[in-house]
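For reference, the chain that follows is the form predicted on its own, supplied as structure tokens.
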Amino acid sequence: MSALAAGLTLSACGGGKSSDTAQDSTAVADTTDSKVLVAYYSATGTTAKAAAEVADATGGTLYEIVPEKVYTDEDLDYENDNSRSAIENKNPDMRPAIKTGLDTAPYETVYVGFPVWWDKAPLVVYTFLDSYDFTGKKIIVFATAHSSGLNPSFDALKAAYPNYNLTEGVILNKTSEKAFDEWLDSLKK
């Protein structure tokens, strides 16, 4: 897990370059648990690193939530009230289009990760949850954040999806290797 300690020290809301090579297919490790899916949205790469750690630790299948229109650095400018992310923040019913095509039927446990924006999950995460039927599946929410906690984001997701079995996770780029292992162990109980 040394990659967790070293690799997740970046800020989730920092001004990293957005991914121009985002994929809408899954990357499967050699030893996967076919019942675990680790779906994530990452704007700057921080959440992608966290999701890879979760997939590695759980043996889950890694799946990137890819917006049809990738967020640029300008879209993520929190100081600009006219940036795409700021406009979406003011319009929580918006659902930015995402690339779809995932078969969720084989999965029993779904980890959903995202960067926290204004104490919320990005709306592409809502689009993902709207696009598939997760009824009867355990959904474990995790995130990365510069200064926010997970609780407001989780509460908003819980309110939006009351029929889903949502479990609150942790902010992974603020979590030690020991705390990460303890969190995953606690989910097995």
Ligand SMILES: Cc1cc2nc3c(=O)[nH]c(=O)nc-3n(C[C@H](O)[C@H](O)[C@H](O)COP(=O)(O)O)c2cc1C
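Just so it is clear, the structure is predicted and the values come from calculations on it, not from any experiment. Residue numbers here begin at 1 and follow the sequence given.
Only in words, not in the display: the form predicted together with the ligand, which the text now covers.
Remark: residue 131 does not count among the residues lining the ligand in the model of the complex, judged by a heavy atom distance of 4.5 Å or less. Mapping the unseen interface onto this chain, residue 127 falls outside it, with no heavy atom inside 4.5 Å of the ligand in the model of the complex. Taking the partner from elsewhere, residue 45 is found to have a heavy atom lying within 4.5 Å of the ligand in the model of the complex. Under a 4.5 angstroms non-hydrogen atom cutoff, the ligand in the model of the complex lacks residue 58 among its neighbouring residues.
Only one segment in the set 160-168, 60-68, 116-124, 132-140 has residues whose heavy atoms sit within 4.5 Å of the ligand in the model of the complex; it is 116-124. Annotation for 72-90: interface residues with the ligand in the model of the complex are 76, 78, 85 [heavy atom within 4.5 Å].
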